[in-house]
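So this first bit is one chain, no partners, the form predicted on its own, shown in structure tokens.
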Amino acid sequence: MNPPIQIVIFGASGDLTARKLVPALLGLAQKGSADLQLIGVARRPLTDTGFRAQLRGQLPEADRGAFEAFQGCIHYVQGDVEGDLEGLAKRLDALGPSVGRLFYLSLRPNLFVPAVENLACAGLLAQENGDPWRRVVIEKPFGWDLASARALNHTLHRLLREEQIYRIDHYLGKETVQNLFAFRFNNAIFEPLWNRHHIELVQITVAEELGVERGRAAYYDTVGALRDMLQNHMLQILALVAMEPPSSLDPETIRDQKVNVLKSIRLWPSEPCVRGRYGPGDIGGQTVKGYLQEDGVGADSDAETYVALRAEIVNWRWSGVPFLLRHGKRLPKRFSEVRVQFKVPPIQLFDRFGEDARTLPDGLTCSLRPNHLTLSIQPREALSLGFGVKVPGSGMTMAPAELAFDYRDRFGGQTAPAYERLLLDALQGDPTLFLRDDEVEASWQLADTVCKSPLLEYPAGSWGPPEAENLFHGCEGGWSRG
């Protein structure tokens, strides 16, 4: 039999371990993807049996059977990442001395450096020729701004090679996000249209109904919507939408193309972004508190819960095409999607100003934009293509229609969870869906310049500050409602 792989989770008593990481590992174990050992590390005084019981009580009923089969491979070590990890080293050697090890840092960002430094001091990161592999997975946020991200990268590179560092962004493990890449480069009917000649604009939306309940306020108040979502998840999606075709599926070749996009993004000239914060309002018939009334939020908070911006990618393919990004909490509906809006024909012969036309304040009448491609990421994983068709009858009246593809309808059941896919890639040493050092720094370079605009208030249950609609110009339309 192959020796087991050891997955060491720091912060094992936290919510992420029970909610995401353990179910992902159970899925891998059930599929026989690898022979695994899970070693949880936290400061609480627990035995192996106590840790297993704690996890069992937090898992959903559907995972209990898989957990019972796997629980003999679950172990626990009491330890502090800011202290001596010699005890952890001895326990790992006792469980398997010459095996690959994946260290997962499910920790507060200020503990990343102490954890890696103490792992190195304990000899747990050494990887010379012939040694079993050693890799470290780091959760977001990777830095607070460009300067802190660069400092963190510099420190990590003193102790690890770049190929040992796996900066995780769980959005990249979602099936529909991965399908962006395959859809673009495997379908000749779309790739020739994927440029400034045929695309009018691109919208990327991550809308949430939830606020900052369940104890998240203390963390969220230090980051806000820009750092929590736009700087990482949304810019990664944008990079996949806009990147040039790679010459191969080599991980570095793919990541090179993503970095090129991130370095080419510019805010639209003279276009401020829009920042907002939700106030009291109504969600689903229930009255909810405003952000400043949430437990853990400071009265002098400047954190935004909504951010929207208009940007441009300054390169040959995309110059002049607006990319509009929007994320907000306490919106009327939860959905994440990419909407690619194609240009209208130069001369519209049919039903130019039909029912869907609208008149702007300056008197300009806008016709329907029938051609759009929507990639739904969550909660539904699907693709849809909009187009116009003639309404039956003697007149030449057009109506919108749609071709749709749904992952569940086509393949049955749920797609694999994002963390399951990403953990498997990390175990196999495939960094394609993880962030490289220059990729992180390029994202922060943009985010640092994004938003200096005033903080506007919007009622919970609305679509955010109405000023965000002004990011659309002329007949471009408005934000998607999912």
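Start at 1 with the first residue shown and count on from there. Note that the structure is predicted; figures quoted are calculated from it, not measured.
Below, we turn to the form predicted together with a small molecule, even though it does not appear here.
Look at 259-267, 74-82, 280-288, 92-100: in the predicted complex, residues with non-hydrogen atoms within 4.5 angstroms of the small molecule sit in 74-82. With the partner omitted here, the residue from P23, P465, G461, G11 that has a non-hydrogen atom within 4.5 angstroms of the small molecule in the predicted complex is G11. This chain appears without its partner; in the predicted complex, the one residue of D145, E139, E271, E163 with a heavy atom within 4.5 Å of the small molecule is E139.
The shortest heavy atom separation between H473 and the small molecule in the predicted complex exceeds 4.5 Å. Residue contact check for L107: one or more of its heavy atoms lie within 4.5 Å of the small molecule in the predicted complex. The shortest heavy atom separation between Y419 and the small molecule in the predicted complex is within 4.5 Å. Heavy atoms of L111 reach within 4.5 Å of the small molecule in the predicted complex, making it an interface residue.
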